[in-house]
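This document opens with one chain alone, in structure tokens, the form predicted on its own.
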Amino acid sequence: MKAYRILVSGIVQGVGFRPFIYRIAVKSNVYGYVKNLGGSEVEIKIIGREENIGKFFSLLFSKIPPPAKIEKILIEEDNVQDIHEFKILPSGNVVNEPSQIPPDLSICDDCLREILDPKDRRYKYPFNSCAYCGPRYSMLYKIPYDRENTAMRDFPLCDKCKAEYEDPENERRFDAQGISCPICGPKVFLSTSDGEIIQDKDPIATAAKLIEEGYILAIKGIGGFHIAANPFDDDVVIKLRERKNRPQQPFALMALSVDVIKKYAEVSQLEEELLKSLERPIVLLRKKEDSEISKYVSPYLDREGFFLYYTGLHYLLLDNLKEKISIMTSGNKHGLPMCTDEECVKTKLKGVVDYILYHNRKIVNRVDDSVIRISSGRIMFLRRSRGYAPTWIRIKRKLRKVTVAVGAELQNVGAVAFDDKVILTQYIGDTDELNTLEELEKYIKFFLNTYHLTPEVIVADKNPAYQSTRLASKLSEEYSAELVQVQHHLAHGLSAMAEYGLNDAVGIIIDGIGYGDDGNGWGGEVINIKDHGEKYSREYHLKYVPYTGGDINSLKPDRMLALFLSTFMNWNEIQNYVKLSDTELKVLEYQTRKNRLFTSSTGRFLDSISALLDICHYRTYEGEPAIKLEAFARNGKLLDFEFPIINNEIDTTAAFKWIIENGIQDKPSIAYTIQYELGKALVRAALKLNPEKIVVSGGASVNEYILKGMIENSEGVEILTQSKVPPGDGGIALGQVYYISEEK
């Protein structure tokens, strides 16, 4: 007889791993136990004959449940005990090997089949889940992942569910912590926006009917509330925009199937795989020309965000809609976190929604939907959240000190890191808002507490005006931790390098504005990065132009256009090309004379081109003028223009001269050419540094045409883009952590 103690880490709690171990142990005729531990890891002890133990290991590695993932397994010979059965033991709180907190998983086919089977006892039950699917992180108070540590502790198992829970032969429900049924599980309610309950036998079907009739509903999901509305009715969409004070920002659409989506958008094989994945992100797809979706859903854009249902509640709601598709946008006020409870909806969404479809299971952790797009055949995160967070990212270097990174400011994400693991929080949002900043601190501390960590280093951006930088100072004092600040664009480059385990690289960083080492606003840089950021030099950048007025320039692209034109025109001439009042133009001229601040921002350059081509004159959401410029370039062709590189500057003002001298005709081709040639110019500059690899990061790196210009002109040097975290500020915390890392 032999005995072994096995410690397994990865994603092994909340994914049916313990019952799986039980079944293969019984099948292999080995004795012992399995139990969850306090770091989200699993401990196993097996005792048996060598041939039986061999069979156990063979089954362990060949039959692992689909959502489970073994990252590390420690096996040591142990003493043989007088045990003659195999048990699932109560969880322990000891942390032997930190493991991953499971993310939320979309409903599986088996659970959906039960919901749709009139003979099944879970027929039309919207919260059906099993060992392989359902909410996890969003309902988790603490680890280990046991029912009493989740929001399901409010719903004791009924006799039938308990029998399933205790039945080793029931593969999907034996020891599954989140299971329930119509008798013992959460319930659905429909109410008015004031909270008055509407008595109804089928509130989900009634909610669908209300959507069809043109009402706007708040729908409680697993990570927060959505707002649902009819996407085919222009009046309804316009009404939603007015109520939500969201004049242009696109709404996402949730559909019942990929076939439904294909009526309105082009779907590649890769995009279909993403749509159907367990994570179920929103995928930005190219609209079909003849789409019947209201043009007000995503005005002036060539892509629309689609995703599939990921809970039974969503499926039942969509199935009751005639066209099987609905607007399903975040249930929040602009700039604020998404609502996670009914009280928030009744107060903060008062006047926005007409009715509320909700349930009585608490949302413990807010988790927004993830958003992905494909650019030049590459997967690009715009937001990494539900389905992906809080799984960690392993880096090829080591952290000798526990590190917290607070990210940047807009669309922010934080991180807690130790050893070679970086745990990025879910999408937090714009931390210039106090409520959102508090959420960032809350989730950083959640992970510190979960993994029993005390931070020794806090990493922040160098921008002293960021609220996150102030949070970093506060955390540094609170934990007596060292405070380290990393330049914004260096952190972007390091974020990309972390994905590939690089120590040295040339980085092309293109985004909005970041605080530069010279005090100016950087945003279009070619940086030579050595020794994972210990040494770096800014070798090339977009031409500096005056940056008078600060953030208002991002709201009003015509101001930036005027500032670009001011580098080669007088102010009387400028007024012929910008939509600014005479007074505003005079004030701008006056301020420019005193200006001491300059910018090399890619975002502001694209904004200005967007204004000059009469595409966008006012920004109502992050990146709007540049996003619309990209959409406008669809079907454009490449014209005869090239950006000069003079000394260490890419002369962006040449683009304005070229457009004005040649007349503003064939705007799609002008838009296409400017973006493609910008990518080409950036890669030409990077190639002057003889790089082995070029990493590309920053929010503008998702631009299809800029990226194409880089890839097609890289002279065989590999262009590396990010696929694990957003290249925008949502991924910057990874780069901040990487800066602190050391050789293994």
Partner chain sequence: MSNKDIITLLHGAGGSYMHSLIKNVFMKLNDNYGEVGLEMLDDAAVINDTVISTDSFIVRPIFFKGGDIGRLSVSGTVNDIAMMGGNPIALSLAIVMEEGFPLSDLEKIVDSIKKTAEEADVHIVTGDTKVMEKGSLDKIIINTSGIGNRPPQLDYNINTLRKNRQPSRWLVPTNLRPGDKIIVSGTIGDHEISILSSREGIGFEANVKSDVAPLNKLMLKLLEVGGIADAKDPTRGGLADLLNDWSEKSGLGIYIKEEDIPVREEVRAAVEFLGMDILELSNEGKVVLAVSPEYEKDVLEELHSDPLGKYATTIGEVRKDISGVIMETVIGGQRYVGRPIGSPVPRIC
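Positions refer to the first chain, counted from 1. What you see is a predicted model, and the numbers here were worked out from it, not measured in a lab.
From this point on, the text means the form predicted in complex with its partner chain, which you will not see here.
The listed set Ser294, Thr653, Gln467, Ser330 contains one residue whose heavy atoms approach its partner chain in the predicted complex to within 4.5 Å, identified as Gln467. For the residues Arg243, Lys209, Lys586, Lys445, the 4.5 Å heavy atom test against its partner chain in the predicted complex is passed only by Lys586. Using a 4.5 angstroms limit between non-hydrogen atoms, Val258 is distant from its partner chain in the predicted complex. Contact between Leu440 and its partner chain in the predicted complex is not found at the 4.5 Å heavy atom cutoff. Using a 4.5 Å cutoff between non-hydrogen atoms, Gly549 counts as a contact of its partner chain in the predicted complex. Its partner chain in the predicted complex comes within 4.5 Å of a heavy atom belonging to Asp432. Residues of just one listed stretch (552-560, 499-507, 284-292, 477-485) have heavy atoms within 4.5 Å of its partner chain in the predicted complex: 552-560. Three-residue candidate spot Gln100, Asp104 and Val457; no residue lies within 4.5 angstroms of its partner chain in the predicted complex by any non-hydrogen atom. Along 330-345, a non-hydrogen atom within 4.5 Å of its partner chain in the predicted complex is carried by His334, Leu336, in order along the sequence.
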